[in-house]
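As structure tokens, one chain now follows by itself in the form predicted alone.
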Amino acid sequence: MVNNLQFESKRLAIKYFIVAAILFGAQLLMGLIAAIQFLVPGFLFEVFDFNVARMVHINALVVWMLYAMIGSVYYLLPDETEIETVGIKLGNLAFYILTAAVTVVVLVYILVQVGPASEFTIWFINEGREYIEAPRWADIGIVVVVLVFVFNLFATAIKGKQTGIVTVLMADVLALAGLYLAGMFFTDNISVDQYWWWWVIHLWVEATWEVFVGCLAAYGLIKIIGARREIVEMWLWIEVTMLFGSGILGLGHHYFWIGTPEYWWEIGALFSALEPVPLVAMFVHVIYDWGKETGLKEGSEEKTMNNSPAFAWFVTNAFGNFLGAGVWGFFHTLPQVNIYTHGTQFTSAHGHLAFFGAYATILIGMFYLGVQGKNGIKVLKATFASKMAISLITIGVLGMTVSLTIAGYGQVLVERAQMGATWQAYFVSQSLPWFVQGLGWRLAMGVVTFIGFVFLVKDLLTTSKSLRHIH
């Protein structure tokens, strides 16, 4: 197939998108195995245990999103800076090193799985830190690869045109990479170790990733519907300003568990709920202007939507972020509620919807922008497969969220409220009909999500052959 991409940077982005999609599928597959093991604990016992399936499920989630984020930057850089990415050969080399390292790490997770808590396991199996469990050698390799990525971004931005999107990206990526370094400190004191791990994960997800999504939303809306740059960049700067309130002060909703003064509870709950507001505002403002000024004009092809599947995923992101990270997060993380819900399936429900709504959706939208550019499609319209993909994946994730919330309700009612969070209460709640049925529905909705993923892959692989696309 002919590659229509003129910039090597965009070709590198496609490579990142392909690996990201593969890891996305691995994440879903591991999630299905873990969901079955919740209902049938003996499933694959001592062959592929629950702790391994869960570990690969969570780490695949983080890694595929990081792959897609790096790919997205390499894709948008030539458009924003109007030059080829500086150091692109080094970027290609870093991609292959990273992919080889990730492959080895995943194989070790699957084949070796666990080991004694020793220096050897820390260096060669995993470090035991949830979400970022890469062994030490891979940790160091990831830092090197990320430094290459940061260098390429900064060198290109300095040499080429500096838009607001690129400027915000430069600051955000620097913070994202710097936080990872903070998480590499390892001490024998598990409290100190968890302290640094905790800040890395939460500042990533609730600060730097949120701003990153804002950059992608701004770029995507300009590319897809010709949104006015001054509007999207205005909201992007508001997002950066609010970062100090929503992203950092919002972390206060977690402080309930570490003994800080009570005023942090309200501060954290309020500001964490505000995190998605700038993104929703940006989207509503842009769509209002687009509909009023250009979108309703017939015959003006250059001003109308040129990538319907990507736009659909961007819409899902704007409101999925608000629902998952905002609404679901607000109710779950209020300290007065969290004392009962922390560590139950409520947490899992919030996590599934927040990660999907805030991050997965917009990254899938970037996949479609990549396919459009690679295949040289002027107007990319929705196909049956693309409609099935977004419908089934969204319904599946929403279904899992509701199912897990119901299961969590059973846990909270019996395990926390009635039986006082004792060890016996934990096991009693695990056998509750509401809990078991909730996890059964979670598994069913997981299957729906996976079928949607199959449609997504089919559409991404065959989209250039569809007659609905205008070249």
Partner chain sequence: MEDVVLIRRPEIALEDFLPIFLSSSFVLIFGLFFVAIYTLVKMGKLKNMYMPFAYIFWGLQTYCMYFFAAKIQSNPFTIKVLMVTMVCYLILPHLYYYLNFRSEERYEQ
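Computed from a predicted structure; not experimentally measured. Numbering follows the first chain given and starts at 1. Whichever C-alpha set is largest while still superposing within 1.5 Å between the two forms counts as the rigid core.
A second form of this protein, the form predicted together with its partner chain, is not displayed here; the remarks below concern that form.
The chain is drawn here without its partner chain; in the model of the complex, the stretch among 102-110, 162-170, 282-290, 149-157 whose residues come within 4.5 Å of it by any heavy atom is 282-290.
Heavy atoms of no residue among 24, 71 and 96 are located within 4.5 Å of its partner chain in the model of the complex. For the residues 125, 86, 388, 234, the 4.5 Å heavy atom test against its partner chain in the model of the complex is passed only by 234. Taking a 4.5 Å heavy atom cutoff to its partner chain in the model of the complex, the contact residue among 51, 437, 418, 424 is 418. Contact check for residue 197: no non-hydrogen atom falls within 4.5 Å of its partner chain in the model of the complex. Using a 4.5 Å cutoff between non-hydrogen atoms, residue 409 counts as a contact of its partner chain in the model of the complex.
Under a 4.5 angstroms non-hydrogen atom cutoff, its partner chain in the model of the complex has residue 266 among its neighbouring residues. Among heavy atoms of residue 401, none comes within 4.5 Å of its partner chain in the model of the complex. Contact residues in stretch 336-360 (any heavy atom within 4.5 Å of its partner chain, taken in the model of the complex) are 336, 337, 339, 340, 341, 346. Put the two forms on the same core and the Cα of residue 335 is off by 2 Å or more between the shown form and the other one. With the core held fixed, residue 260 shows a CA shift of 2 Å or greater between the shown form and the other one.
Distance between the C-alpha atoms of residue 390 and residue 273: longer by at least 3 Å in the model of the complex than in the displayed form. The pair residue 273 and residue 363 is looser in the model of the complex: their Cα-Cα distance rises by no less than 3 Å compared with this form.
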